[in-house]
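Shown here is one chain on its own, the form predicted on its own, set out as structure tokens.
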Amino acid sequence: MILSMIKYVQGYVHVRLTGYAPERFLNLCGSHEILIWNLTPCEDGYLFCVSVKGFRRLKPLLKKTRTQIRIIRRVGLPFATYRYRKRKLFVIGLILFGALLYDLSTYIWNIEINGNSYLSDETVLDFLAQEGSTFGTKKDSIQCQELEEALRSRYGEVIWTSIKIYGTKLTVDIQENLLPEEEYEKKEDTVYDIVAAKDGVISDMVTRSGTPLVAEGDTVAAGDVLVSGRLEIRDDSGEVADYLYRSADADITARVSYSYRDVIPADYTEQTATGEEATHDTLLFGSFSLGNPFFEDPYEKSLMTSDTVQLHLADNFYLPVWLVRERYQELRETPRTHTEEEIRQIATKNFHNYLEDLEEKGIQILTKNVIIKRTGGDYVVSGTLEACESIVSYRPTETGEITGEENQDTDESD
């Protein structure tokens, strides 16, 4: 792209080479370091491109090899300037256009965010907007190092970031701490109990710290404390003398139940594309749009898809101009009724996708009991699943106080 722009600014010509020894001429061009490109053979010689400066050095080579050159086409800014030398308004327009491009190159018109997982793109963009470094911001007013420090300070999960400006594009590279999500919800100065995230029967339990309050085989309800972060310190008489607090840590899995229900209508409308299409293009300049104001969807039923592309002159030279292309595909609607075989296939596919979603979350399916029944005009797929999964969730530990009765010495005298 850049090389093509340089060639255009310097100017070049398409020429046809004919004569006695064209191959020798080409070899001499190489030995004299005259650059030619797009070399293709033709019926009586060769076609190629050469710069204006190189073309002026060809005369002695042509004489030596008894060859001739004929200019087919002139391309480039020098020729365009000469062609329009008497059109003052056109020249002024070119100058103003160049000045506008130069002014636009001093702003940020594109933001690229890489490496974020927990932080969404919208969160990072909101942060940049609050810091005054968003779309349309002057590049010289953006302090990349200060932005990096502010981003790390505001979001604890960000352990490294790099913010750079390339052309009119601001690039934000982020590396996040990959600890489990529940670790971010804990405060370092708070002690936590482990509580049940849902109802179930404990199937496996390994406690590393804290006081376990349930055992394998116990039935628990959502919100029950499974492992307490409060340890009781008892005296010689067995009374509670004090409490020691330390966050609970354990792996706990339980058998849980899931209810499944899926409704599949027997009658449906089939939509098929007729092959007819219509497109509508709109140019967006910030809040200003330029398109056909009289365009309407020409079809009674259609599927509309749109693509938005930001225009740019080079890889990192983006402009505040977007091309929006809307594509309308005509649809034909036909009433249909599912057969029982189709219903079974749809039900099987939906149920399989449901199981895959559970397994992706680390849930192990143990048993499945699902049936299909027809109710009116619908088929209802319902049933229960038994699964094994972690039910660990966290809640701040309630602090306890030693009452006077607990501290009172037992009087065993007669």
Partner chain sequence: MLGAAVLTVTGQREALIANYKGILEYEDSFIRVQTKNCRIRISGARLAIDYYTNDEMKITGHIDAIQYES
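C-alpha atoms forming the largest set that superposes within 1.5 Å between two forms make up the rigid core. Positions refer to the first chain, counted from 1. Note that the structure is predicted; figures quoted are calculated from it, not measured.
If you look for the form predicted together with its partner chain, you will not find it shown, but the lines that follow are about it.
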Counting non-hydrogen atoms within 4.5 angstroms of its partner chain in the predicted complex, say which of Val52, Val380, Leu26, Ile365 makes the cut. Leu26
From the list Asn38, Thr375, Asn369, Asn353, which entry has a heavy atom within 4.5 Å of its partner chain in the predicted complex? Asn38
May I ask you to state whether Gln345 is within 4.5 Å of its partner chain in the predicted complex, using heavy atom distances? no
Does Pro60 reach its partner chain in the predicted complex if we count a contact as any heavy atom within 4.5 Å? no
With a 4.5 Å heavy atom cut-off, would you call Ser31 a contact of its partner chain in the predicted complex? yes
62-70, 382-390, 357-365, 39-47: which one contacts its partner chain in the predicted complex at 4.5 Å, heavy atom to heavy atom? 39-47
Answer yes if the Cα of Cys388 shifts by 2 angstroms or more between this form and the one not shown on a rigid-core superposition, and no otherwise. no
If you line up the core, does Leu26 shift 2 angstroms or more at its C-alpha between this form and the one not shown? yes
Core-aligned CA displacement of Leu47 at least 2 Å between this form and the one not shown: yes
